[in-house]
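Here we start with a single chain on its own, the form predicted alone, put down as structure tokens.
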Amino acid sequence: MARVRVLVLQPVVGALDYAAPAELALSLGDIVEVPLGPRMIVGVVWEAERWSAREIADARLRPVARRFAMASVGEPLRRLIEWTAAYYMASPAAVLRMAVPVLSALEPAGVSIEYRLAEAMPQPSSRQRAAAVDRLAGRQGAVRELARQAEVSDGVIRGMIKAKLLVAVEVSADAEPPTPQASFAPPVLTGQQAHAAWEIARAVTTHEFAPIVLDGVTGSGKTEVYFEGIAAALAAHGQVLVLLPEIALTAPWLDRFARRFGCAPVAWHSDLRGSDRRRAWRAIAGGSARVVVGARSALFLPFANLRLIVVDEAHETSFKQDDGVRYHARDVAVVRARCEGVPVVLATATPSLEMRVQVQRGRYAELKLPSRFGGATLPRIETVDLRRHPPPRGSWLSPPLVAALRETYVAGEQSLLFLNRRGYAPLTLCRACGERVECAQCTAWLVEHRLTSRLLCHHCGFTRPVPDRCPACDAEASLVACGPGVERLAEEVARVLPDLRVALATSDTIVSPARAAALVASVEARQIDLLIGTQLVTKGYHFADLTLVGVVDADLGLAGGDLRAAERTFQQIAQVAGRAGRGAKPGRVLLQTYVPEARIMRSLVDYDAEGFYAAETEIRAELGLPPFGRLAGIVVSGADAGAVAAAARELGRTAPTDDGLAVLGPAPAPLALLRGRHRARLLVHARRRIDLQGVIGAWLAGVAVPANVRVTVDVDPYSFL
């Protein structure tokens, strides 16, 4: 039998050689099942020269057990997996796992039983069942999924089935999704929009690799423009991938998509049920899922005929994966488009400095939409100097902002307060001894969430009730909440403007696309006068009657040593400012700040993005920081603090000293304890000509790291914690 190399899904195993039975007719990219010890595991047939494997004589090779007929990993996707593994210094198997994440999807289709509420149901016999009925309205799923959605046990759901409150429904495991229609409801575009749409559609039609930055001010109709690229791909019988940075953005986007193309696309995100993920993966691999909207990991799905990739809100830092394979979805999207030979549209109102430099270098094309759609004007942005107009003691809203909120309410319009801080207060402090209540597993303060009466760590999820006494000195009633979160703002608004109907929009309240859809419906139905939210409300939402945006702490994101702090603050404030005045009524934005004279504040007020980015570019170029230089973070972590410190010192002692490269550290990480693991950091700074991955790979290979210590490499880091 012939020899084949198989890249298996187990990261610690890598590539192995097997015998290929002739009757299987194996080809490159086939998904196969192979023996490993006493187990059967899944892998993909790969080019032998790509990955090394331990030499084993032909006679000792074990045969491939079977080939899955469902799908294969095509050559463009195999090249993407190789590039991602090499660039981000990750295990190839870990990257491959993102392409084949649902092993049950490899098996033949069948029929499953799900349950939904009966149309003519008897009266529920208990309060628990009655509450479950309310929560399950419009839902369908398996017993366990319904139990989770109804917040009851599996036994309660089974009891409801016996009581005929729920009825069984047969569901095909492979029901094909509806097909979007390119000509269902074409929009009327402005001249600027029509030109940009034509350029994108032309790139789709010619089937060429073309990275395109679609740079349009907030409310300029970027979505409608790239929808015409999607229409061109549909007309060419191809598939489209659209990446969104937040699951909460999915609901309003899906609604707009359905109005344009006549049906919903296929969704791919963490909130999907297991059966939906299986069905979606098979439809994508088989080609019947014509348009897919998803989170980062959708980039690695095995599309049968990909013709266009769109990265919406392409500036968003949440496209960077911070654990596992630490890739940046925006950059990997460009690489996948190159491997597939298709255009990729990077749509944003605030292009990142990296994207701007690529445009300047001629590597990316740029399409601009400089004005809002339908004659709407950009909102007027003003600063509120907190030195001259301080809030009352114990409050966080300045008199000018409170007055603006009142005026907006009286005018029958809606407002938005933005503070990128979840919960009630970021710090709980003892007035008796000064103790700051910290997480038991992280070097971080616990955040009070007063709505749930809990203290929560936003890094590891550790939670505890709010204590009655100080955990350090045992003083009673001495703990005080310090600083504001969005819950505290809601409390203040209830005190100073009690007539306003308020809703919170954070990752604590918008936990699914369904919750996001409900919030949008409430705002559009004018059931809400004021939204108070975090970064979730800075993008993607269009509320015609929202005319006032108040940024409670415009200085918040500027603290710390993050090289992108100013850029991220500029983008975030510009995005949230863009929620105001998107309809016929003009908008107004108030920025509460202690430094209204700062360059970033003046740039925001004057809409001078070019001036702001020119100054940022000059600083980065002078210091050799990305995109003019290279960075890589190296994190040493483990449960044993001494072992971590020793390993970090050894890495520092053996650090490379190449010309054009500097290694900073080791030093304790800002989060020196995270999820119970002690952490030290090193930072590698290199000129662009340096083979950064090669240098780091050779360096780490020469250091014996204890088994109880983990060394993680983060190429192009976005987090420095």
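One rule holds for the numbers: they count along the sequence shown, beginning at 1. All values reported here derive from a predicted model rather than from experimental measurement.
Missing here is the form predicted together with a small molecule; even so, the following discussion is about that form.
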| property | result |
| --- | --- |
| Heavy atom within 4.5 Å of the small molecule in the model of the complex - residue from 373, 445, 88, 462 | 373 |
| Contact residue in the model of the complex, chosen from 202, 256, 158, 526 - any heavy atom within 4.5 Å of the small molecule | 256 |
| Segment that reaches the small molecule in the model of the complex - one of 423 to 431, 482 to 490, 214 to 222, 627 to 635, heavy atoms within 4.5 Å | 214 to 222 |
| Contact check for 320, 330 and 535 against the small molecule in the model of the complex, heavy atom at 4.5 Å | no |
| Residue 185: touches the small molecule in the model of the complex, heavy atom cutoff 4.5 angstroms | no |
| Close approach of residue 582 to the small molecule in the model of the complex, 4.5 Å, heavy atom | yes |
| In the model of the complex, residue 193 touching the small molecule (heavy atom, 4.5 Å) | yes |
| Proximity of residue 542 to the small molecule in the model of the complex, heavy atoms at 4.5 Å | yes |
